[in-house]
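The data below hold one chain only, encoded as structure tokens and taken in the form predicted on its own.
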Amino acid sequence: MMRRWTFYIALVVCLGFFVGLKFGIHPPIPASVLMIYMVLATLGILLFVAANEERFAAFLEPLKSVFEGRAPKVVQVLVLVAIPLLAGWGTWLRTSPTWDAPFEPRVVHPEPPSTFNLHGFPTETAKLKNPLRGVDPAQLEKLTNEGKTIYYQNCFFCHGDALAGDGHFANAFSPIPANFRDVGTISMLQESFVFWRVATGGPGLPKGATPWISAMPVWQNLLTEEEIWKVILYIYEGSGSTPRTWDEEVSHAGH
């Protein structure tokens, strides 16, 4: 008796899978993943139905009755109208224009502006140099330790105790804070770039840094210029990195 309804039961089960996957999972799964699950679920249902000849014959019976003209005229008309409508709807979904913003790949280390405002005054990025690098080793160690104190008062909550981008608040942000121990971060950058990023924070990023938004504050509103340079000293020292510099002799030889 149940085999008479095999087609309709299979259809209800398939629709149940779709509704459960589409509306029963939070956060929603991507459309591509939903498509994969639905293909697998449909194949599983068809394999189950085809595993028994009688069940498979009962599954095909409603379809054969429609296309062989044995079903009621109303059902035949509905099916024959629904097939092109569904095909047209699927085609429209795939080809219709979208109002979503175009995708813009994010540049992890965006090119800094030629000038930016530092404490209200325009500053040329290329001319920035860490003025604390020129002191004697004992004084440099003292300034680095002062930078360490400033770091732990302000920065370690996000960038972490070991400067690995794993601070207490790190997982609350997307993208997560920079891992200074990664060779692809500050080791690849000049100190002038790092100063610009720290001083201007997330709001200072150019368009090339989208679609991810940095949560870093504008530290020039909270720290002095010297304090920022001290923090930079410690970031390089504490992470075991060295600032990227241009080889002036090579540069002059190239001209």
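In case it trips you up, residue 1 is the first one in the sequence shown, and so on. Note that the structure is a prediction, hence the values are computed from the model and not measured.
This next part talks about the form predicted together with a small molecule, which is not shown.
Proximity to the small molecule in the predicted bound form holds for all of D161, I186 and V194, with the criterion being a heavy atom within 4.5 Å. Site annotation in the predicted bound form: the residue of A58, A41, V66, L205 reaching within 4.5 Å of the small molecule with a heavy atom is L205. The contact with the small molecule in the predicted bound form, taken as any heavy atom within 4.5 Å, belongs to P175 out of P113, G134, P175, G88. Using a 4.5 angstroms threshold between heavy atoms, L34 stays clear of the small molecule in the predicted bound form.
Using a 4.5 angstroms threshold between heavy atoms, K148 stays clear of the small molecule in the predicted bound form. Although the partner is absent from this view, N130 stays clear of the small molecule in the predicted bound form, with no non-hydrogen atom inside 4.5 angstroms. Put simply, T123 is far from the small molecule in the predicted bound form: not one heavy atom of it is within 4.5 Å. The chain is drawn here without the small molecule; in the predicted bound form, the stretch among 23 to 31, 44 to 52, 186 to 194, 58 to 66 whose residues come within 4.5 Å of it by any heavy atom is 186 to 194.
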